[in-house]
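Below sits a lone chain in structure tokens, taken as the form predicted on its own.
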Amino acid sequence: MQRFPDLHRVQSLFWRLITAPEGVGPGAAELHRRGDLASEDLSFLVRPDARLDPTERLDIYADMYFHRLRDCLAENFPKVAAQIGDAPFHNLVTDYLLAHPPKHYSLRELGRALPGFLETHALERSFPALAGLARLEWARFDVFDDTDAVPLSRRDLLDAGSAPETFVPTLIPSYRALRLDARVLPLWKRLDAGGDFATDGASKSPTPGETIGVRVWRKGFAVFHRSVTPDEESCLELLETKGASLAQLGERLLERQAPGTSHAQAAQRLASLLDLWARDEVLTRGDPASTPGPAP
């Protein structure tokens, strides 16, 4: 009979046993093989009863732990779960947790690596754009509880027109820029409508390999996403680092227009983008001291 350990040792053994990839029994055998347990008999740790031995009782906790993690990932990636179905999602979670066991004290971080994991998973071949769908879901989840900032209003931007060289807007913290498989947004809409990628108009989908820019942001307690045009994407990239003056945004925008575009046309396009960003509340006031140099 092994001697009952101190509390720290109990907690450590409990954790290692219920998180053992193959189950409590194989986990105990591995700990015994390593010399961390005197034997595979766990009765020193958990009392048996008439129905269950110690290993079986601990397996209940192991199952509860896995299902809690699976449910957490299903809450963070509901579209991915809906796209592939319950059984494949269960198996995906199993594969993912084997490759990326939780290392953070908060379950909030549990799914951070899932989009990247899906890029090389077999499901990506069966369900096109699945990794991109996961990236969009994670970005939407991630911005929800990011830092608040006071957004710039349309009046703020109109008043700034008198000082385009010194007024420096930047993007709110709860903003993410993505470049996704162009099939992701149509897939998202079909899933919202109760359809799926395989059965609902796949022939109308964008060409495989085609990508689009997408921005994700929080406005109040609501999270939004939308595609962006190449010129908007370029301006947002400039804003995302340290912010940019209105004059620098105008220069960047003029560079991204078709040959022959006049300064007046570029200015009009900038005005429309500023109006859009103000309505979406994605801009906040930046630090003039950190303004980048002339746009490359």
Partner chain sequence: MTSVPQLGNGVGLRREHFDRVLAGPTRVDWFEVISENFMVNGGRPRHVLEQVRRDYAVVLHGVSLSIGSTDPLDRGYLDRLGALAAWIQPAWVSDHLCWTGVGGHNAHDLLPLPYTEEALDHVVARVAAVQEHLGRRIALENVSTYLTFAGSTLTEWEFLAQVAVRADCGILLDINNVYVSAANHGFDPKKYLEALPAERIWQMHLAGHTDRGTHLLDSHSRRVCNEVWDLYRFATRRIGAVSTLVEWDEDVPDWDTLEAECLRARAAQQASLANPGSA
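We call the rigid core the largest set of C-alpha positions that still match within 1.5 Å between the two forms. Numbering follows the first chain given and starts at 1. Every value quoted in this text rests on a predicted model; they were computed, and no experiment measured them.
From this point on, the text means the form predicted in complex with the partner chain, which you will not see here.
Interface membership of residue 218, defined by any non-hydrogen atom within 4.5 Å of the partner chain in the predicted complex, is confirmed.
By the criterion of a heavy atom within 4.5 Å, residue 107 is counted among the residues contacting the partner chain in the predicted complex. Residue contact check for residue 11: one or more of its heavy atoms lie within 4.5 Å of the partner chain in the predicted complex. Shown alone here, residue 57 lies within 4.5 Å of the partner chain in the predicted complex, counting heavy atoms only. Comment: the partner chain is not present in this chain, but in the predicted complex one of 159, 75, 192, 86 has a heavy atom within 4.5 Å of it, namely 75.
This chain lacks the partner; the member of 165, 210, 119, 145 within 4.5 angstroms of the partner chain in the predicted complex by a non-hydrogen atom is 145. The stretch in contact with the partner chain in the predicted complex, judged by heavy atoms within 4.5 Å, is 107 to 115, chosen from 181 to 189, 107 to 115, 126 to 134, 88 to 96. Within 4.5 Å of the partner chain in the predicted complex, a heavy atom is found for all three of 18, 52 and 65. Along 240 to 273, no residue reaches a heavy atom to within 4.5 Å of the partner chain in the predicted complex. Comparing the forms between this form and the one not shown on their rigid core, the Cα displacement of residue 263 stays under 2 Å.
Superposition of the core reveals a Cα shift of less than 2 Å for residue 68 between this form and the one not shown.
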